[in-house]
Structure formats: structure tokens, C-alpha cells
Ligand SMILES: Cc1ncc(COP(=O)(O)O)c(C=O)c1O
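Only one chain comes next, encoded as C-alpha cells, the form predicted alone.
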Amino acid sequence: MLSRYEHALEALNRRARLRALEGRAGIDFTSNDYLGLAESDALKAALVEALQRGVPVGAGGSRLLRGNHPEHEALEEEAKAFFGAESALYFGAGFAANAALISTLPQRGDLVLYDALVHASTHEGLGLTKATTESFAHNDVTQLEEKLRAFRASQAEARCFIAVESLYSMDGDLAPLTEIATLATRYDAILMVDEAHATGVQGPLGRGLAAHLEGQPNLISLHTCGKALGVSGALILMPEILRRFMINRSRSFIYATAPSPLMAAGVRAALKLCASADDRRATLQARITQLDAHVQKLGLPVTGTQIQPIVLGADRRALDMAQALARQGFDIRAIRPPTVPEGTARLRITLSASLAPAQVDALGAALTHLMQDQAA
């Protein structure tokens, strides 16, 4: 009965694609804790304070039942003020929030145009929506406009949605948001921006790369709380009418137990820390500049962001390189298809403000030696 699963796992292993859970070991060059807040004393103190004033750990039910807690509502009010949006809605996880957006708002007869490299959570929603869906080449504004023009020529009244990330999680590059936002306005489309890896790091006070667009009626932005903010969950920023629609129609919201009120209190504290974290962002930028210098010496392209892929091509090569780095005390994971396109297996290096300069230099030296050994 279970043999088919065993065979599937064996096939993955033969292709160097078998995954397994691993413990934490080595210097962290793989997590998304970009500001170093996840283990900070400030966040720990905020959660202790919340417990002391009686904030419960569990919600006890969905938010449409008894699970709606004042901490959820306070967080959403503070989030919309911080990001400059008309409303905010808190979900327990970024994956669920992104999938809920795509599966709920676009309707039959609508069109969702999405960047070819959007996150798996967006693809989850794309698989559930009744709207028509089409991809456009990564960051290709020209192709996006061609598809928008063709749709509007045949469907003048239907809704169109554009789904992009602001900072791409596997490539570390930025979307041309200003140009895409201009097209969204020109063709009467709703722009959905996943800010997961930009939140806390990019934009004024860490408000993200779409901060200059926030508050516009055709913008929806998603800010995950489990990366640079160091906690968990996700905030969707959107016009109030769409928030009300999500509350009434999103199955992921209606039928899920509400996020922990204690964690909502933690996110409130994280947003305050984020607003005053320019020093951490400056430190992170210094580590980015430092790693860029090492990567350039290897003759590889740099991203200029806290996410630096080292594309190696073959799955086995990426896995072997990650294991070699682990033996030297660095925690860097091999990213293989289907997470990334075929033939682009890579090391995904991420940087944090908590890293010391000597640790980045040590990684640069280790990478140089390993790449030289493989080339020999």
C-alpha cells in the first residue's frame, strides 16, 4: 500500500532531491532573520510583558467565532498606520495569506498575470482560483504590458490582477515596481505585491519597496512577520472594502483558528522595533557590501541585497557544496528544483545584521577555495 511513496522517495534520492529535516548547526547564512530580531532580548521582553498582562497563548477559535482578540485588532490598527494603508488583516502564516489572496479576490472571468518566479504560496492560490491565470517572463515589463493590452482589448470590464514579489526570495533581485505600478494604473489592474523579503529591510523605516505606493486603491501588499520582523504570521494591507470581502469569503481566514494573540502582541512589538532599526539596517547593508566584494572576485553576479544565490546548475553539485560548507561550520542550504527552475540548483546565502564581519570574510574565503577546487 505504501510502496509507491517509498519508490517516489527513492527516485528523489537518486536525483539528489531528497529533503530531510536538519537541526541548527553552524553560522547562520540560511535563515530569513535579516535584522537579527528573532532571538533578541527586546522581543522576548515584549512577549513576557504580554503574558504578564494576561494575553492568552491560544485564540480558542476562528476570528469570526470567539477567536477575535483585542491584540489582533490593535495589531491591525498599528500596522495600517505604520505602513500607510487603509486597512490590515492578520493571518497566521505568510503562505496561507498569499494563497488566500489569490484564491479569494480574483473571480471567474478575471485575469491574474503573475511573474514567472513568484513564490509557491502564490502558485497555491493560482491552483485554487476560478480566474484565468497567465505568467509573464521574470521582471519583463514589456511582456506584461503586451498581456495587459490584449486582455483589455477583449475584456474591457473584467478585473485584472498583477502578482509580483518586491524582492525575490531565491534570486535576491528587485521587481521594477514603479514601472509595474504605472501599468497597473494605465490598464485598470490591481497590483498585488508580496513584500515578504523586503519588509523590515527595504524602504523608509523598513516599510518595504512598495511603501511609496501604499494607500493607492489598486494596491494590495503582503508583509510576512516571520522573516526580518522575527516573529510569525502575515499582514495583508489593502483597501477596507477588500478586507471586508476577505473576512466574508476567504476560506483560509473563516475556517482557521485565529493566530495566537500572544504572537499578535509580538508582532506589535516587532513593528515598533522595526521603526527604530536604522542601525540594524545599516549593519546589514555593510554585511551585504562585504559579501558582494567576495562574490565579485569569484566572477559571479551580485544582487546588492541580503539574498545572494550562487547558481551551480547541477543538483548534486549544489548539495555537495552545501555539505562541504557545513563541515567548515557554515549553515547554507542547497536549493534545488522544483523550488527553482531546472538546471539552476544553487546555494542560497542570506545575511543578517547579527553576523560579524569576520564571519562574512570567513565564508568568502571558504567559497573561494571550494570554487577553485571544483574548477581544478
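For every residue, the number given is its place in the sequence shown, counted from 1. Since we're looking at a predicted model, the values are computed, not measured.
The form predicted together with the named molecule exists for this protein as well; it is not shown, and the discussion that follows is about that form.
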Per contact check vs the named molecule in the predicted bound form (non-hydrogen atom within 4.5 angstroms), the hit among 162-170, 146-154, 179-187, 288-296 is 162-170
Report the residue, out of K227, H72, R280, R207, that has at least one non-hydrogen atom within 4.5 angstroms of the named molecule in the predicted bound form. K227
Identify, from the list G233, P106, G125, P261, the residue with a heavy atom within 4.5 Å of the named molecule in the predicted bound form. G233
A196, heavy atom within 4.5 angstroms of the named molecule in the predicted bound form: yes
Indicate whether the named molecule has at least one heavy atom within 4.5 Å of a heavy atom of A93 in the predicted bound form. yes
Taking heavy atoms and a 4.5 Å cut-off, does T305 contact the named molecule in the predicted bound form? no
Closest heavy atom of S221 to the named molecule in the predicted bound form, within 4.5 Å or not? no
Pick out the residues of 111-138 whose heavy atoms come within 4.5 Å of the named molecule in the predicted bound form. H119, S121
